[in-house]
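In the structure tokens that follow, a single protein chain appears in two forms: structure 1, then structure 2.
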Structure 1
Amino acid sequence: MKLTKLLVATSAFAISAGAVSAEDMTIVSWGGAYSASQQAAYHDPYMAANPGVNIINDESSAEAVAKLRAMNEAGNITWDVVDVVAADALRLCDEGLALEIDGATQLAPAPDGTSADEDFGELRVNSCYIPQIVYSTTFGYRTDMVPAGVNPPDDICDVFDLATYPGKRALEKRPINNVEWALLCDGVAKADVYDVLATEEGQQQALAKLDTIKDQVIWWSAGADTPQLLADGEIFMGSTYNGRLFSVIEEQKQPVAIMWDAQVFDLDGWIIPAGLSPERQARALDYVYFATDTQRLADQAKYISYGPARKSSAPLVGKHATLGIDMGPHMPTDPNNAKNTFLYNYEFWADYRDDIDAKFQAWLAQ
């Protein structure tokens, strides 16, 4: 969609694409292999098509909610497009910190004319969110550190089994995923995890289970941390995003393998902060129109093993851009990898995130 058409569609104002002077556009994401895949699939082609735009990468997505709240309070929004997980998009939209986007007029239809909203389906969790990829958080482990005579770890509860699988673990420095895995490995049925976690007793139960391995945990904040810790041999196993593990295994050729059991499916996608000037808002909308079309989402899968969020993109996923390997078997959604998945509850975390975060950080400090 040309920028002129987009400006008319949004009824903000109308200028020609050529009238936009050279501008910086700050796009916030997660860094590492993931940001590299976005650079190749989205940013570089967009800048080539729009020479007046210079995209600046910021790797602060883990702090997106807090930082956007602070920017809004200060009346100074310095970000233009932000990559967030679905639960954070729900909170940002509910708090009026993210722009509502009409899928019928402000997002690209599928090649056959199917509307973007229908193409994304239920993955478009609210009107502020444009999903890009389906990914999972799961565990990688050093194959050369598996004890002699012991089978490699293949069960999520092996994370809590220090006797059979000694060594440091890496876990993300937040409760999400950690508390779910802890309850699963403390005997809570998968279907009951969020009901239990909604109670004070359930939250304490999860933290008590995590206590059993706390002194063997290195806590990570950036997505690149666990892959580096694995590559350096500083940990035996650690949680991270499946695409990061793909990079370590297939691109870096490290002695690492993936344990897919109880991988947690989640979404990543774009929001546009509310409160941008009309010019910046139009440019951000033009970018997400471009970056979330069918071909662009399929292109990202050439560089990282995340499944595109649009139905029309899936058949276009092929081989890795440089390795030449078929990317299908490396997707978290591949049947061989998805035998036992855990479905992340976006609504639960939108409601409980702040409270459980506070308890988790207090527990960490003990």
Structure 2
Amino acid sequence: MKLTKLLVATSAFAISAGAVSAEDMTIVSWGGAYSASQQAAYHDPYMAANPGVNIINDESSAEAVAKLRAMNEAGNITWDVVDVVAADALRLCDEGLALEIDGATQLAPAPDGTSADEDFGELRVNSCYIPQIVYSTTFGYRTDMVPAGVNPPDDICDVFDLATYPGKRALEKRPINNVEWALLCDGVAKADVYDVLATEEGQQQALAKLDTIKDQVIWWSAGADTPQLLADGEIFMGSTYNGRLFSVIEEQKQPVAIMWDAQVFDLDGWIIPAGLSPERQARALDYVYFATDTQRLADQAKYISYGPARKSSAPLVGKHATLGIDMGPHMPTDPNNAKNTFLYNYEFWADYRDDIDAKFQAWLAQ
């Protein structure tokens, strides 16, 4: 008798523990310093203003598209708001997995009354996507490994110049960005890069250029790899996200510097999964309305060196919250850093990703 009671009691407890409380909201992001900046700039103030809501962090953004697709097929969506890059937002919107959001009514206007759509401009790549930040993929190098009597690297083609800058490089284990840089340094004009890449010969040309440094390259797949390799002195230069380099340089004080030439801009932003229950959807919309307003986006820049996606946020960017340094010069969008930039071409890669990736992987395996 006692045992039965105990069993009933424990299973009842298990059931109640398994059920999600009505006010929990799962927000998916990338983890690390980036999630920490979102926690400080968005989550904490939002929870302070809405004491009933409890935000749960999930660090699955790298597999967001695959997981959302699986959740959608299973008919059980457990995420409320998801942070993804623009290319993934394009795919999610394409597959009908993300909610379309009306910029005029469902997003906060700028303080001067400019509509959100206008404030974000072309960064709002489709109607599902609410961009937060502009980040860039760029190169960091060890200042103590620059050969004596040589200027530090300041041109993207220095990456391909093994004679002047001997040493290992780290590049991402995928064709995106690498093939563009290779073509730029093989005499292709910036405006023609994607036209050339669309041809079989252009793809071969890019791989042939990469071939010249292939045996000096360590291929990374996680954003933390290059900063670690730089800190260990394993590589001379490597590509990674500029925010990661900021923390290696300013927080860990490693002898590393950033080479901004031909940095590739990309975006990070929110989507809300399609198919949420009405009250969860309303709560998610309420959250993104709050978290993507002008002040909130500017606040995030206090914690990480990524540029806010709203034009109206730029003048509000101030100093780092703990280091006290001026964040403006560390932003990828700062005029000094953005002399020569590249915008990731979402449409091109949506088409050519599978094709060029197959060739790239076959080339890697050779």
Partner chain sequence: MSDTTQAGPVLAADGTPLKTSLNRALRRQKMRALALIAPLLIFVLVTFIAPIGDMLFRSVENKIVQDTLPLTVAALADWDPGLRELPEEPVYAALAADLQVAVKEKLHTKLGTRLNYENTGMSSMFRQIGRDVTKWDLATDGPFKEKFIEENKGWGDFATWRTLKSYSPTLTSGYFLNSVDLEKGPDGIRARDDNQRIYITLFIRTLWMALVITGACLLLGYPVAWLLANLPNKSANLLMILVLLPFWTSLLVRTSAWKVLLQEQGVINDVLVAIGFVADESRLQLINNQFGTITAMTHILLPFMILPLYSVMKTIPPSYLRAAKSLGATDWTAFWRVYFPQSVPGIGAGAILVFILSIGFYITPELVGGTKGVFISNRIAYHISSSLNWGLAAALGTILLAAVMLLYWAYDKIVGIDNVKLG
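All residue numbers here follow the sequence of structure 1, with the first residue given the number 1. Note that the coordinates shown come from a computational prediction; the quantities given were computed from them, not determined experimentally.
- The form predicted in complex with the partner chain corresponds to structure 2; structure 1 is the other form.
- Treating the motion between structure 1 and structure 2 as two rigid pieces, Ser35 shares its piece with Pro111.
- Two rigid parts make up the chain, and between structure 1 and structure 2 the smaller of them rotates against the larger by 16 degrees on C-alpha superposition.
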